[in-house]
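Encoded as structure tokens, the following chain is the form predicted alone, with no partner shown.
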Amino acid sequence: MKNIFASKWGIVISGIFIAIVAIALQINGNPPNMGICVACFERDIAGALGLHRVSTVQYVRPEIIGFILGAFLAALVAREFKPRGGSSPVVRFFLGVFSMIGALVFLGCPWRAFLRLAGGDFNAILGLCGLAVGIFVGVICLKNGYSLGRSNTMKGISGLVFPFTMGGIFVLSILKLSASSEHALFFSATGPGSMHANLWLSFGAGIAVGAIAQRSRFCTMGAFRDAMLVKDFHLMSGVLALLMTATILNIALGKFNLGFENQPIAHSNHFWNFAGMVLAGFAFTLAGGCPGRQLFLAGEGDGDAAVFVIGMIVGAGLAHNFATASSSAGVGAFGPLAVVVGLIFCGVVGIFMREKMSK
């Protein structure tokens, strides 16, 4: 079966489609400039599961489950569902933890950074510059022999555990399982967690994006990495298509607010917007994909990607429980320290997990 989404125009169509879906979800209830944000949505899921108790960001986001199941279905149809894993899982887990910490200091994943810029939020420029620097440092590690080792082929059931678990969480959210105010699942009554599009619209959109992104290999981190490493701009064309489409739609809908101040769910601390995404970009590169790409890989049976995703969800809980996450009021009390620790961790991993050193 020919994969049209892997073509030059296929990746552009994927970027356009993701942008349209993101803006549509915003119109239908998702937070402003957050039609899709993998980091923020996984943070909300962490809250719904009780991993943190910030009542304003607790909701099982159907989009995330949709991404995984959409990629799962697309991989099955294309015969690309290949359970695999065993490539430095503990390191991948902590890369997921620190990537989330960095993203929540900035307040968004790479997808949201582009969507924020498309809405006129100049703070996103600092975040995207930081993302590029973090990826650049990661690329230097790659050029010097960095590797987490090879994944091994695993039995079929191994690749099913994560998609089915996430599907089970979605079912529980439909049933509104909440024994009392002290038991999961938790649902926000106010704040960003209470702002969401129709459940089935969100789930269907997630399925569609997951399927298309799995076929096109859409990845924001990969776009920067390929441009830097091998001067390949295939993936970047899809990312730019997303940015341009979302910008045009925001302007047409009157949702474009140019400037640094008074941006939705954002802060204007330039240095930590930059530094938070340096950490996130560095961790994404060492792990082999942006948070969206990790979800799609997990859907097609990659257990290592699933471990990274779990690390991000746990990291979201830690970020709020230990006051490292930012808010519209500014950077969390321990956010700067957490970013420094995360950069040290990524630096140690990048230096000491080199194949050349093991020979």
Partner chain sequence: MVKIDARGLSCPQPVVMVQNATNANIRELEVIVNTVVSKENVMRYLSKKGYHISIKEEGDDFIILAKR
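Residue numbers count along the first chain shown, from 1. Because the structure is predicted, anything quoted here is derived from the model rather than measured.
Below: the form predicted together with the partner chain, not depicted.
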Could you spot which one of Y146, F93, F203, F170 gets a heavy atom to within 4.5 Å of the partner chain in the model of the complex?
Y146
Note: the partner chain not shown here; in the model of the complex, the stretch from 192-200, 250-258, 121-129, 225-233 having heavy atoms within 4.5 Å of it is 225-233
Although the partner isn't part of this model, could you tell me whether K176 comes within 4.5 Å of the partner chain in the model of the complex, counting any heavy atom of the residue?
no
Consider G288 of the chain shown here, and say whether it contacts the partner chain in the model of the complex, taking contact as heavy atoms within 4.5 Å.
yes
Is M244 close enough to the partner chain in the model of the complex to count, meaning some heavy atom within 4.5 Å?
no
Given that the partner chain is not shown alongside this chain, does S151 nevertheless sit within 4.5 Å of it in the model of the complex, heavy atom to heavy atom?
yes
Which residues, if any, of 80-97 lie within 4.5 Å of the partner chain in the model of the complex when only heavy atoms count?
E80, K82, R84, R92
